[in-house]
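Before any questions on how it binds or moves, here is one chain, the form predicted alone, in structure tokens.
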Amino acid sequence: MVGRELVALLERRRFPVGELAPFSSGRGRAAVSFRGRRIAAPAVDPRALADCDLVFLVSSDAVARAHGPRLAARGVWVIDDSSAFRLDPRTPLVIPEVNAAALRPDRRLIAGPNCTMTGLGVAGALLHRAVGVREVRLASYQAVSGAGKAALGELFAQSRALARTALLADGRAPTLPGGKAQVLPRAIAFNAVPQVGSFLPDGESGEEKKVAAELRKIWGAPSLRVSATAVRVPTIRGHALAAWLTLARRVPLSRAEALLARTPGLRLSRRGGYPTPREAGGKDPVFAGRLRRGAGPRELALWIVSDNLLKGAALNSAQIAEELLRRRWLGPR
């Protein structure tokens, strides 16, 4: 799903593609549309990848590990959307609006961030630089598209099945059966599932660990305390976060609002306004609203929404490539 969004973005943003070479798993016939042409997407060919100037890896960790380092060593720029290299100290983990300075001409393998963390990574970046964020508590409400096409199919199938028994004759809301879940850990239709990824021995999920570790790296804040609960909800696209940020010092709410309003890549709703996943879906920026005081004198509460397929993945990769072009690092080899 991210790959198709990326191809569409490259066309919409007029990225200077001389030749597009799309690849797929090879398990079936696949093709993509680009600039009015239908281009076949065969199984991955390592030799063809090595002939490219820029490779976007939008696949699994295993595929990234098999191809990313080898291609970078041969001088190919590689922008990887998997989690394989995000925490590797030698690999830049980049959100261009936040830490484009992490890019280096001799580090040709570049990691894109977790789609859940991206919204907070953008929204809190200027606040962190100006005041200092010491602690983050957050709960995510993650769209089903983040789990892939098969998970969306499961949501739609379960929704159709449950809609046939949506209301009892007397108007009371029914107790719905759990339904069958094959892709996600529990039935997702009309439900909320507090598990994204496998659980680790300490009780945290893989997603929760990723959010904490990647936010520290993106912000350059190794001592940042992060507590997260990741929840899958039956929305289609657009991850939402409820975040509580404890600052290094107390600041007036007006000062915090002014910083958020100036944050690159962020669109802030004021005076009690707020974004929702349906409104943010298909749009490029990160959206935020409901800025208010938290429980402590240095704590701020914020609601954040971003399209997980765009800024959370495909758009961020395209922006990294555009930054390489701007610096004149990317060109025919």
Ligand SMILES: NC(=O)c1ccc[n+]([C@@H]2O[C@H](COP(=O)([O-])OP(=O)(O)OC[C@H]3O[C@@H](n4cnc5c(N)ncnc54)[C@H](OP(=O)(O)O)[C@@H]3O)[C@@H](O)[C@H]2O)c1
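Not measured: the values here are computed from a predicted model. Numbers for residues come from their place in the sequence shown, where the first is 1.
Although not depicted, the form predicted in complex with the ligand is the subject of the following passage.
Under a 4.5 angstroms heavy atom criterion, identify the one residue in 91, 145, 158, 263 near the ligand in the predicted bound form.
It is 145 that has a heavy atom within 4.5 Å of the partner.
Checklist entry - Looking at 302, 280, 58, 55, which is the one with a non-hydrogen atom within 4.5 Å of the ligand in the predicted bound form? => result Contact with the ligand in the predicted bound form is made by 58 alone.
Worksheet item: When the ligand is placed as it is in the predicted bound form, which of 223-231, 97-105, 80-88, 246-254 ends up with heavy atoms within 4.5 Å of it?
Response: Going through the listed ranges, the match is 80-88.
| query | Is there any non-hydrogen atom of residue 26 lying within 4.5 Å of the ligand in the predicted bound form? | reply | Yes.
Going by a heavy atom distance of 4.5 Å, is residue 309 a contact of the ligand in the predicted bound form?
Yes.
So, in the predicted bound form, is residue 39 in contact with the ligand at a 4.5 angstroms heavy atom limit? Taking the distances in the predicted bound form, the answer for residue 39 is no, it never comes within 4.5 Å of the ligand.
Notebook entry, point to check: Is there any non-hydrogen atom of residue 149 lying within 4.5 Å of the ligand in the predicted bound form?
Noted result: Contact with the ligand, yes.
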